[in-house]
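As structure tokens, one chain now follows by itself in the form predicted alone.
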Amino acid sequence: MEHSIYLEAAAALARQAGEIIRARFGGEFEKEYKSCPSDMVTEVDRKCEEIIIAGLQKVFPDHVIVGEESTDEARAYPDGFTWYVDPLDGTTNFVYGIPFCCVSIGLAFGGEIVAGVVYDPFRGECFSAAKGSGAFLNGRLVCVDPIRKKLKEGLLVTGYPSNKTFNKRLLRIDYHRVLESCTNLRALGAAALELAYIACGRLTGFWENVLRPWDVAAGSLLVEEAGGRVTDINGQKLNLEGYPSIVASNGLIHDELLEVLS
């Protein structure tokens, strides 16, 4: 299956949305709460999603589109093409003026991710991948961290659910155990971009207990195509439904990481 047409369309739309994010960053914009005060959405999220969805519908009118701000039910679609769109991953960072957020657009066919783009508008970095074709950063082939072969050598990253009702799932992790097992731990606030950083070797391992399909669709493919490994927190295949957990790594530390998280 030729994926270049999908990547080109996704990258172009991600850049359009990125221009809006960059232009509105640090300014005034309307914001609302979704599930709770820490789960925010802004007019910028919605405007970017409108642009992306309209662009995808124009080029691929028969495809299903699952967007963060316009979808009530997040599930996997076993037939045909499905786009998973996060127009502004890292909304909290954006609201607080922290320039670490991105646009994430992933494409699944028959329930399997086949193409993905993660675009960082502040650094002009466009990460892209197609099934079986490798992972790229601004057109340059990238790979996961090949050096750190033990968890104790790895730099890890995690995240926390914006919806506080999921905090019990956080308590299943022994964070002291994790910290004692690795070099250090980060929490950067944008899962899709953190996965992209795993793909290009800037970070060694990542986990998060409560995410959404649009958070992980593109990023998970980036990691796999860069030579890494992606599972859920139980070591099983990542499921694009509901509130998935995810563990991603350079592959070399994956089993160790799963053990520490168990």
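From 1 onward, residues are counted along the sequence shown. Everything numeric in this text was worked out from a predicted model, so none of it was measured.
One more form of this protein should be noted, the form predicted in complex with a small molecule, which is absent from this view; the next part is about it.
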Which of these stretches, 207-215, 50-58, 228-236, 23-31, has heavy atoms within 4.5 Å of the small molecule in the predicted complex?
-> 207-215
The one residue among 113, 144, 190, 135 placing a heavy atom within 4.5 Å of the small molecule in the predicted complex is 190
Look up in the predicted complex whether residue 90 has a non-hydrogen atom within 4.5 angstroms of the small molecule, and give yes or no.
-> yes
Looking at the partner-bound form in the predicted complex, is residue 68 within 4.5 Å of the small molecule by any heavy atom?
-> yes
Would you please decide whether residue 121 lies within 4.5 angstroms of the small molecule in the predicted complex, comparing each non-hydrogen atom pair?
-> no
Quick one: is residue 160 in contact with the small molecule in the predicted complex, heavy atoms, 4.5 Å cut-off?
-> yes
